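In the C-alpha cells that follow, a single protein chain appears in two forms: structure 1, then structure 2.
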Structure 1
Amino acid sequence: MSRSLEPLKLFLTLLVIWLLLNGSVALGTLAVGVVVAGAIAVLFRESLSVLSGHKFTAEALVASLLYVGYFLKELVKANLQMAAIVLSPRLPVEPAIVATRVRLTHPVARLLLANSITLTPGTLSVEMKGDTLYVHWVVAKGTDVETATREIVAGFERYLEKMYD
C-alpha cells in the first residue's frame, strides 16, 4: 500500500477502536468518532499507525491473527509461571539482563516486539541497540544470546516478520 493511504488506515483503525470501545454505532457516537479519528489521522498521519508498513496480504493477515493468539498464550503462561514463583516459599528467581538478537528491521515491528516482551510477566525490554534487544528476565534459562533469543524473541518474531516489510 502506498504511503498516501497511511492516514486512511490510521483513521479507519482509530474509528473501529472507538466504535468497539463504545459498543454503539449511534449517530452521535459515530459522529464524534469520525471527527476525533479524522483529526488524529491528519495531525499524526506519519507517526501513530500500528498499521504503518503492515503488509496487506493473506499471509500477513493470518500471521496477525496468529500473533495475537501466540501473545495471549504467552501472557497466560507467563502469568501462571510468575504466580507460582511468587507463591513459592523459596522464591526461585534468577534475574539477569540478557542480550537477544533481533532480525526485524521495520520500526513498528520492533516496537511491537519490545512491547509484547514487556507486557509478558517476567520479562522487561530494557534497551535496543542496533539488532540487539536487552531484556530483564526474572528467571533466566541461560544468559547466552542464542538461548535468550530462542526463549524470548523467536516466537513473536516469526509472526512479525510475515506482518511487516
Structure 2
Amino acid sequence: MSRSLEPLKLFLTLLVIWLLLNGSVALGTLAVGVVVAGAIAVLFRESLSVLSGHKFTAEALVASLLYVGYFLKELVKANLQMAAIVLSPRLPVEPAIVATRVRLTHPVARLLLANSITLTPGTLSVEMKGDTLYVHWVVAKGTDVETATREIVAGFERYLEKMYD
C-alpha cells in the first residue's frame, strides 16, 4: 500500500470512530466529522494510526480476522492459566526475562505484537531494542532466544506478517 494513502486511512479511522460514538449518520454529525477528521488527517499526516502500514489485500484481511480470533482465544487462556497459578497454594511461578527476535519492521505491527504478548499466557513485554524484544515470562519454558521466540512471538507474528508491510 503506497504512502500517499496513509492520511486517507487516518481520516477514515477517525470518521468511523466519530460516527460510532455519535451513533447516528445525520447530516450535521457527518459534516462535523468530515471537517474535523479531515483537518486532523491533513495536520498529522505523518503520524501513525491503527491501520498505518496495513496492506488491505484479501490475504491481509483474512489474516486480520484470524488474528482477532487467535488473540481472544489466547486472552481467555491467559486468564485461566493466571487464575490457576494465583489459586494454587504453592504459587508455581518460574519467572525469567527472556530475549526474543522480532522479524516485523513496521511500528504499528510491533505495537500490536508487544500488546498481544502482554495480554497472552504468562508473558509481559518489557523493553524493545532493535529487533530484540525483552519479555517477562511467569512460567519460563526455556531461557534461550530460539525457544522464547518460538513460544511467545511466532504465534502472533504469523498473522501480523501478512497484515502489515
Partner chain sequence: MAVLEFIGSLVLLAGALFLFLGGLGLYRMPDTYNRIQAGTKATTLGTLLLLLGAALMVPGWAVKLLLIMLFLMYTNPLSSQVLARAAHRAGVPLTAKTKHDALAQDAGDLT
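By convention here, residues take numbers in order along the sequence of structure 1, the first being 1. Between two forms, the rigid core is the largest collection of C-alphas that superpose within 1.5 Å. These figures come from a predicted structure and were not determined experimentally.
Of the two forms shown, structure 1 is the one predicted alone. If you fit the rigid core between structure 1 and structure 2, you'll see the Cα of Ile17 move by 2 angstroms or more. Relative to the superposed core, Leu111 shifts its CA atom by less than 2 Å between structure 1 and structure 2.
For Ala39, a C-alpha deviation of 2 angstroms or more is recorded between structure 1 and structure 2 after rigid-core alignment.
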